[in-house]
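Shown below, as structure tokens, is a lone chain in the form predicted on its own; questions about how it binds or moves come after it.
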Amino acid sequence: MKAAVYYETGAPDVFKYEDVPDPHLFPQGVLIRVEAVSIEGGDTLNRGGGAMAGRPHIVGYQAAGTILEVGSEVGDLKPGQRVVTVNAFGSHAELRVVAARTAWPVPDGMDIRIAAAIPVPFGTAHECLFEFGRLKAGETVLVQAGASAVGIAAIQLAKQAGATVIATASSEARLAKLTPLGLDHGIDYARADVAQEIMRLTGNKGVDLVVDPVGGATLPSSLASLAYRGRISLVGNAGREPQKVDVSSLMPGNRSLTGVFLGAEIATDRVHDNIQRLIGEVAAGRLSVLIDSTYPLSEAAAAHAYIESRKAVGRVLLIP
């Protein structure tokens, strides 16, 4: 099969498009023909300096396609079925094998490209808002990096839950694309101090919950934006900076900072079933996926470079 691989981590130009051996099917797994790859934030972080499963390494969490073969112990999926899949690596290829537990059926008639972009960002956003963020109707949420896939999911889910939603992005043009999703207020962090704007918008109260997928230099503004008893769901490290921050401000206001990692619970019944529900919500038109652009798999380097330019709004896909 063809795959976008690298032999060492680094800038996007480490990618090579090569023939590699087909993946090996195991008893609890499914083999799929990949039809759409959703490039996740963790994919670019891994390529930039993460762990490699081997050399060459095939990066990538999330991809959708059609099942070609199922393992001997798989009973609930079958060849010919369309699924969206998640694994620690292996999405940037024509074929992939994943555990059946992390493959979700795609409803009939649903665009496979849309399905490819759902489990990780929507599952993560839901965890940040509800399981760990304890969001209630009437509260105010700040979504850092609102134009990211997690941000786009969080804006919609928070609005549906009855929250007031504020989000940050790097330009007014990017923020304008988020307004139809339920955004109440946007902050261009390139031009304004985020915490000062939050206090202005909330009458100096602050926000009840922050969803922060950036960390690094962004985390202090998240902390400074919190109301009394406010919470932060910190997920990922898109800023690629050390998490060095003074958390002493949490104590006087009885505030909390929680790290969130979807992968730790993705195989549980709770998360597995919730992701299937979210796929259904998108299929029914109650939630939206934004696809910014698509690239051929052979142009993985260009796709990663575009993501790192921070111009995208929503997901960038690779098509084998």
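From a predicted model like this one, the values you see are computed outputs, not experimental measurements. From 1 onward, residues are counted along the sequence shown.
The protein also exists as the form predicted in complex with a small molecule; that form is not presented, and the subsequent description refers to it.
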> What is the one choice in Ile291, Ala283, Met52, Leu45 with a heavy atom within 4.5 Å of the small molecule in the model of the complex?
Replying inline: Leu45
>> Please tell me which of Val143, Ile232, Val150, Ala158 lies within 4.5 Å of the small molecule in the model of the complex, judged by heavy atoms.
In response: Val150
> Just one of 291 to 299, 272 to 280, 65 to 73, 255 to 263 has heavy atoms within 4.5 Å of the small molecule in the model of the complex; which?
Replying inline: 255 to 263
>> Contact with the small molecule in the model of the complex for Thr85, defined as at least one heavy atom pair within 4.5 Å: yes or no?
In response: no
> Arg310: heavy atom within 4.5 Å of the small molecule in the model of the complex?
Replying inline: yes
>> Given that the small molecule is not shown alongside this chain, does Val120 nevertheless sit within 4.5 Å of it in the model of the complex, heavy atom to heavy atom?
In response: yes
> So in the model of the complex, does Gly236 come within 4.5 Å of the small molecule, heavy atom to heavy atom?
Replying inline: yes
